[in-house]
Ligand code: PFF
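The chain below stands alone and is given as structure tokens, in the form predicted on its own.
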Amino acid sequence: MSSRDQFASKIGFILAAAGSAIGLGAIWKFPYMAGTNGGSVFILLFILCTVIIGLPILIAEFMIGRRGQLDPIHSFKKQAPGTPWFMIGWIGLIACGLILSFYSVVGGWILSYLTRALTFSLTGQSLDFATLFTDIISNPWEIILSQAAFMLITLLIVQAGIKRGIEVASKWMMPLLFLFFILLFIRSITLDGAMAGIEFMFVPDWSYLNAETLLLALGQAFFSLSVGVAAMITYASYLSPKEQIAGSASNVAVMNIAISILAGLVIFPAVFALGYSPEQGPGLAFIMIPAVFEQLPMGGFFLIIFFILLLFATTTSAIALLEVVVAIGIGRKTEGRKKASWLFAAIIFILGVPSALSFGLLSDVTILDRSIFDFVDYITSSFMMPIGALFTSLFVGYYYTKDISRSELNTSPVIYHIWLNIVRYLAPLAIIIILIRSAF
């Protein structure tokens, strides 16, 4: 049996882990969540929740993965033999498969828009972008083919392995993602009236400082860091035991915050400059942004950049989700990665077809008054991710002995005790509140 694959460098691991976190949560969801919840106050609470609660859980996941050096299920079995803690790995497996099933649908939307942007058919025609979005997501053939194409991109990267696939892709896509963001940011803030968008992001409207905004910011922090689905446990299992995990986790959290804020700095100045409302909601990326760029000089070029950026961000998250499933599928073996990648990608694609069709052929099918797409999103983001994060915190906080957790974290006693108290008490309490709010 060949040795288990590992990241070739620390920066490769950080970029891959950051790519897992920096997906639609940072670029698509964060701007519309901030736009509908007061801007600056939401952003401030999001940063605080990420640093105070999200980061300690991320460190806990890195601990489990690096110490186990196996896929999530076998990692828990190795570290807690004869106990049911391995079920956390199963929660992650199911959650990743379900999330990727609808995530790939959104990836298909992005490919459809990118194809149109590359042919400059999104500018210069005064399109009704709301109608265009509806037409795209309700067209069964286009959306299924686009979803399949996105899954193909994802599995081709994952089947190549950690060093030659995920790490190489992350090293290319993450720097380009930052570069494209900077280009769009410069264009956005040079518009007349852009300062109104800057003020919306950085001048607090304290009327939004309430429990509801805090809970939404906390949920966004968990969602955007990809905690609770075993993705970070899986990536950390490919990390050398010699690497420091606290610094790596901090870098991932900082990059996630930076990209989220950059996304706001790209979108809100342009939205305000052209007289739109920031409260567009989930359609911000697919309806508002094309409408905004359509009115700008060289708008077609910047739309191409924007959708390439979205594609990169979505792909880096998708490969992490598929890697969890593939890693568990091949278990302790290193052989069979290619076959497993194709098999599980095909299964997840099939699972995603109902979500893809939920805005067209299956639009009349609802579960708990939600479309199939929205129901899968609701179950995974509102319940499975928080439950996974909750049990991860409890496992590291209470099952690990202090000697184990102290040696794994390898930091100053003060930081260690702050981290331990958050993981044991504050994080579980916050997650339970999120679960109660989601249920009722």
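Rigid core: the largest C-alpha set superposing within 1.5 Å between the two forms. For clarity, every value in this text was computed on a predicted model and none was experimentally measured. For every residue, the number given is its place in the sequence shown, counted from 1.
If you look for the form predicted in complex with ligand PFF, you will not find it shown, but the lines that follow are about it.
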* Asked: Want to guess which of 181-189, 95-103, 295-303, 80-88 is within 4.5 Å of ligand PFF in the predicted bound form, heavy atoms only?
  -> 95-103
* Asked: Does Ala263 reach ligand PFF in the predicted bound form, with heavy atoms at most 4.5 Å apart?
  -> no
* **4.5 angstroms heavy atom contact with ligand PFF in the predicted bound form for Leu390** => no
* Asked: Are any of the heavy atoms in Leu58 no more than 4.5 Å from a heavy atom of ligand PFF in the predicted bound form?
  -> no
* Would Ser146 show up as a contact with ligand PFF in the predicted bound form if we use heavy atoms at 4.5 Å? -> no
* Just one of Phe223, Phe344, Phe286, Tyr238 has a heavy atom within 4.5 Å of ligand PFF in the predicted bound form. Which one? -> Phe223
* Asked: Which of these residues, Cys49, Met385, Ile43, Leu409, gets a heavy atom within 4.5 Å of ligand PFF in the predicted bound form?
  -> Met385
* 2 Å or more on the CA of Phe62 between the shown form and the other one, with the rigid core superposed, yes or no? -> no
* Answer yes if the CA of Gly388 moves 2 Å or more between the shown form and the other one after aligning the rigid core, and no otherwise. => no
* Asked: Can we say the CA of Phe373 moves by at least 2 Å between the shown form and the other one when the core is superposed?
  -> no
